[in-house]
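Have a look below at one chain only, the form predicted alone, in C-alpha cells format.
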C-alpha cells in the first residue's frame, strides 16, 4: 500500500481529530494531536467490515472464541508468547478496562502511582475511582527518560500505594522499558503489595529494541499484574472499541466479567469483532509496511526539527509509538503562549505538554502517523512561524 498516495479528508465521517480544530477556533491548519492515524487501514479489515455490513442484521452479538484466538495468535507470532485465551476478557477500550479493574478492587481513598509526564486519561481514571494520585516523575537526562526507583519505593511506602498504572511502552515519551527496569518494578511492587496495571496498547509500535510485556519478566510480575491491549493503535481502529484485558488469575477474570456484565460494559461490537479478527490474522503485510512508513516519518520529523530549530525546539526519536515529544522550552514561552504559537502562527494543532503533568510544561506532543506530504507541509508551516518569531 502506498500511503503517500492517500489524501486526507475525514470531515464527512465525524473525525474527532479534525472537529477539534473547529472547537478551538482554527479555521485552517493541520491537526497532529490525538493518537489515531491519518493512514488507511489494512485492505483485509475493510473487506471484513464490508462483508459484515452486507448482512443487514445488527442484533445482540456474542464474542466468539475466534476473537480471542486471533489476538493470541498475533502475540505468539510477534513475541513468541503462549496466551491462555480463557484468561482474556473484552473491554470497550483500554481506559474503560482500567476503570473497571479499579472499580473491582479499589477502596475509596486508595493511592495509585503514575509516572508523569504520562498519558493524561490516567489522571481522570484515578479521580473517577475516588483514589489518590501519587506521582513518581520520570528522570530526564541527556540520554532520555528513566525511572526513579528510589523515589518509587519511597512514595509507595510513605503513601501506602495499592496500584501502579504502568505505561509500557510509555506515552508520550516513547520509551520501551528494559527487562532490568521492569524487573526492578516487579521486585518493588511485589515486596510492598502493589498491583501493576500495565497499559501495553503501543506494544506493537516498537522501532528500536524489543517490547517486553511486564508479566513476562518474572513470576513476581505475573502474580501482581494485569495487562491491557487494543488493536486501536496498531491497526488504527479506535472507533471500533475493541480492547483486551489479560489476567493471570481466573478469580480476577471472573470478578471483572461479573462487574462488566452488571454495568452493561462488556457488550460486543459486531464490527469490532470482524475488524479485529481480520487485523490479527490477515494484515501482517500491511502492518510491516505501516511500520516502515512510520519509521520514515519519525526520521524525517526528527531530522527536520533538530536541524532547523535546535536548540529552541528539540526532539528525540521515540523508541516506540508514532508520537513525538517536542521539547520547546528553548522558546521561553509560557504553556499558554506556546499553545497559541502552534495554533495561530504555525497553524498546527498538537497536544499541550502540560496535559501530561507539570513535567510536560514547555513540551508539545506531535502525531507523526500521517502521509509524508502532510508532515512536510506541517514542518514548512512551523519553519515560517519560527522565522517570524526570530
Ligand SMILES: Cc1ncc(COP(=O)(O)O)c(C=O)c1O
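In this text the structure is predicted, and so the values were computed from the model without any measurement. Positions refer to the first chain, counted from 1.
Keep in mind the form predicted in complex with the named molecule is missing from the figure; the text below concerns it.
Interface stretch in the model of the complex with the named molecule - options 142 to 150, 288 to 296, 70 to 78, 90 to 98, non-hydrogen atom within 4.5 Å: Residues of 90 to 98 come within 4.5 Å of the partner.
Contact of residue 202 with the named molecule in the model of the complex (heavy atom, 4.5 Å): Close contact exists here: in the model of the complex, residue 202 approaches the named molecule to within 4.5 Å, heavy atoms only.
The named molecule contact at residue 320 in the model of the complex, heavy atom, 4.5 Å: Flag for residue 320 set to no.
Non-hydrogen atom contact residue 270 with the named molecule in the model of the complex at 4.5 angstroms: Heavy-atom contact with the named molecule at 4.5 Å: absent for residue 270.
Partner proximity in the model of the complex: residue 316 to the named molecule, non-hydrogen atom cutoff 4.5 Å: Although the named molecule is absent here, residue 316 would stay clear of it in the model of the complex, with no heavy atoms inside 4.5 Å.
Interface residue in the model of the complex among 35, 48, 63, 338, criterion: non-hydrogen atom within 4.5 angstroms of the named molecule: Looking at the other structure, the residue within range turns out to be 35.
The single option of 211, 155, 106, 233 touching the named molecule in the model of the complex, heavy atom within 4.5 Å: That would be 233.
Site check 119, 167 and 171: each within 4.5 Å of the named molecule in the model of the complex by heavy atom: Each of the three qualifies.
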